[in-house]
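Just one chain follows, in the form predicted on its own, and it is written as structure tokens.
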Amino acid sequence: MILVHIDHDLGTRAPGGVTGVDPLSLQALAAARTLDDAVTAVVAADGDLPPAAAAELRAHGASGIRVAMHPGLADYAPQATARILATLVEEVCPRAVLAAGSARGNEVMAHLAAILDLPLATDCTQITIGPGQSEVTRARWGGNLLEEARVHASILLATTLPHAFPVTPAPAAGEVHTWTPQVPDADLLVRVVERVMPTGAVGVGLSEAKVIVSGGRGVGSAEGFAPLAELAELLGGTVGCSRVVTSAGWRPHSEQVGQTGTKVAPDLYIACGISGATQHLAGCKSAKVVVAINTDRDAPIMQVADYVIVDDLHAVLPAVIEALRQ
């Protein structure tokens, strides 16, 4: 059996068929299916799992669903979630515990590794489980290096590199079992207690976006992002940015694409005024098509883009927007 930690935002997302299950967790489910036919999805929440969320987990290969219900789990609580996973590990003795290699998934698994006193392999692109020893391939240095490693442990703890395992339908029975865990107060000291959305925040998030219009230092200012936002709206996408932009305070960190931001895999990534530092390329390398607009034809991002436009973005974007409106 493989346990898979399912990250979620149940109850905090917009209505309209969105289940709240983190898409990256579905990728972890896909990875687990390559290792074992028995895959149990583990959800920590403060109430029953919505039917739509349960149906999505079943559709992606969960042969069992365990839901830990506790009032303190209304939102993200990493140490408490890890404690619940540790309890299940002792109960069912799985071959492995997997989670998405997101900031939240890695944090929960780090707590779990500390509780169980076991090693943790993060950002895995390949996994092979053996008796007492597993072999993994991990992405290091922003994906510029692939490391092959042996993990000596009776139970493998690992996270999956975002977008390394494609999500494919794999219907399974997925019977839901709920229980109320014992969660020490100390495990709930660090948790999300309130969310305050930026004024006017609408649209799809970076991780789900099919189109991302991203800006870097070359945009010039916070006001300079207006045409990027207009283009993103026309294309049904969202706005992203580089780290230097968030450091300057032009855009919020939630929009940062990169190794220390969000790793994305849109159908189309339009990079405007972004030079293409290694950390940024690590975040957008899974995009299907990259279009780069930059005055510097030798910028690193121009070497990896599918299409390049050597020109001033402030001249190019208005022309593109006008053409789209026509």
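If you superpose the two forms and keep the largest set of C-alpha atoms that fall within 1.5 Å, you have the rigid core. Since we're looking at a predicted model, the values are computed, not measured. When you see a residue number, it is the position in the sequence shown, counting from 1.
The following text describes the form predicted in complex with a small molecule, which does not appear among the structures shown.
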The stretch from 111-119, 168-176, 150-158, 249-257 that lies within 4.5 Å of the small molecule in the predicted bound form, judged by heavy atoms, is 249-257
Would you kindly say which of Gly216, Pro78, Pro227, Pro162 lies with a heavy atom within 4.5 Å of the small molecule in the predicted bound form?
Gly216
Name the single residue among Ala299, Ala68, Ala287, Leu26 that comes within 4.5 Å of the small molecule in the predicted bound form, judging by heavy atoms.
Ala299
Applying a 4.5 Å heavy atom distance criterion, does Thr34 contact the small molecule in the predicted bound form?
no
is_contact(Arg243, the small molecule) in the predicted bound form, heavy atom dist at most 4.5 Å
yes
Though only this chain appears here, would Ala277 touch the small molecule in the predicted bound form if you measure heavy atom gaps against 4.5 Å?
yes
Check whether Asp306 has any heavy atom within 4.5 Å of a heavy atom of the small molecule in the predicted bound form, and answer yes or no.
no
Following rigid core alignment, is the displacement of the Arg83 C-alpha between this form and the one not shown equal to or greater than 2 angstroms?
no
Is Lys263 among the residues whose Cα moves by 2 Å or more between this form and the one not shown after superposition of the rigid core?
yes
Honestly, after the rigid core fit, is Thr178 moving at least 2 Å at Cα between this form and the one not shown?
no
